[in-house]
Ligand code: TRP
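We begin with a single chain expressed as structure tokens, specifically the form predicted alone.
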Amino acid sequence: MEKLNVTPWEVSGELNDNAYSKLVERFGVDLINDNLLSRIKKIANGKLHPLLSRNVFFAHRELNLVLDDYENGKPFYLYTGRGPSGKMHIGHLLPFTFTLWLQKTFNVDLLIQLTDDEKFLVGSREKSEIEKFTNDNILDIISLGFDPKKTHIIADYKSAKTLYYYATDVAKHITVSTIKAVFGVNDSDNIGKLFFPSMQITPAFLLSALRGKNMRCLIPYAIDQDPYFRVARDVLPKLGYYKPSAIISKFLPSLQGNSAKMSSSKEESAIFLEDSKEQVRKKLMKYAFSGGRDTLEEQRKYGANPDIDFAFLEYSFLEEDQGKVDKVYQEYKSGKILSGEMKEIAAEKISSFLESLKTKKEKMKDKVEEYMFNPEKIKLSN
């Protein structure tokens, strides 16, 4: 079995419940408990996003303080991001559906950072190729329906003037030894990798800096990104800002279910946003890891394990009607629904989601500028 390795730049090995327990202990994060879920559910008029109710977003850092501020009428904002290393697949987009839900639920501003500079520094792609992915990824993201008045997309190269100005404040408080210890940077790495964490930390206080008032920042991210924000929580109080809070997710599984997460470099490991209905169905039928039994007879007799079944999990993340999800879960688990039927149900739900997204994407091409980061716009909307 491949040894588990989780860093912001590489994830490998099997991520099961035991592995996540070790990561929680190693990184020092807290599990989201029933009390926090109840508070969020009350604010959200009794409904939780599937990625929260199904324990995909499972851990946090001081989420309780963000909820305290919200309940006391104090503002906070959201910050998340994307490394534009390739075309987006459904595993990339689902966390953005959760962030959209948070924005709508709490009616707050959101910063979305596209770290095109990072992908140049740590990867092998040319800048022109990364720029193409950046522009396309932005379209995919805004097609979900984010509020253009409250959503501010930071593409690092385009926003470098403002971002760099504040990133130097961060950099002045981080030592080379810290970067080496936390991120695994070594003497043979380029010096850009030493500085880049300052750029990713900056949005965690940027809205506060631009508006001249201290606001908490809640950051939804996958657990491999935690090193950035452990450093941020050490540095930001030195600059006079709150420590950033976090709501942290597990990785969405690959189609085969035996690797840490979907991969943009492996066509068979992921369902891409550009995939046709036929491609979605073919991938599910051919590659999707099943929680079903080896034979039809065993499936009818013993049922499936929906909790490890790729098709069911993707269906449950996209189906908003929890009653339907519960019904499919019970019927699949009891053996009434077979593995092939579960894949057909999932294929229909995924394809419908992707077709809707493609239609919206065409309509958003002339509206991108409405979402792009503008420091003056942020100041005026204070």
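Residue positions are given as counts along the sequence shown, with the first one as 1. Since the structure is predicted, the reported quantities are computational estimates derived from the model, not experimental observations.
Only in words, not in the display: the form predicted in complex with this ligand, which the text now covers.
Q: Could you check which residue among 205, 98, 77, 221 gets a heavy atom within 4.5 Å of this ligand in the predicted bound form?
A: Result of the distance check: 221.
Q: With this ligand left out of view, which of 159, 198, 115, 151 would have a heavy atom within 4.5 Å of it in the predicted bound form?
A: Looking at the other structure, the residue within range turns out to be 115.
Q: Which of 116-124, 140-148, 185-193, 300-308 has heavy atoms within 4.5 Å of this ligand in the predicted bound form?
A: Result for this chain: 116-124.
Q: Indicate whether residue 241 is a 4.5 Å heavy atom neighbour of this ligand in the predicted bound form.
A: Outside the cut-off, so no.
Q: Whether residue 91 contacts this ligand in the predicted bound form should be assessed with a 4.5 Å heavy atom distance threshold; does it?
A: Judged by the heavy-atom cut-off of 4.5 Å, residue 91 is well away from this ligand in the predicted bound form.
Q: Residue 229 versus this ligand, in the predicted bound form: is there a non-hydrogen atom within 4.5 Å?
A: Flag for residue 229 set to yes.
Q: Examine residue 225 and determine whether its closest non-hydrogen atom to this ligand in the predicted bound form is within 4.5 angstroms.
A: It does: once this ligand is placed as it appears in the predicted bound form, residue 225 has a heavy atom within 4.5 Å of it.
Q: Can you name the residues of 173-191 that have a non-hydrogen atom within 4.5 angstroms of this ligand in the predicted bound form?
A: Going through 173-191 in order - heavy atoms within 4.5 Å of this ligand in the predicted bound form - there are no hits.
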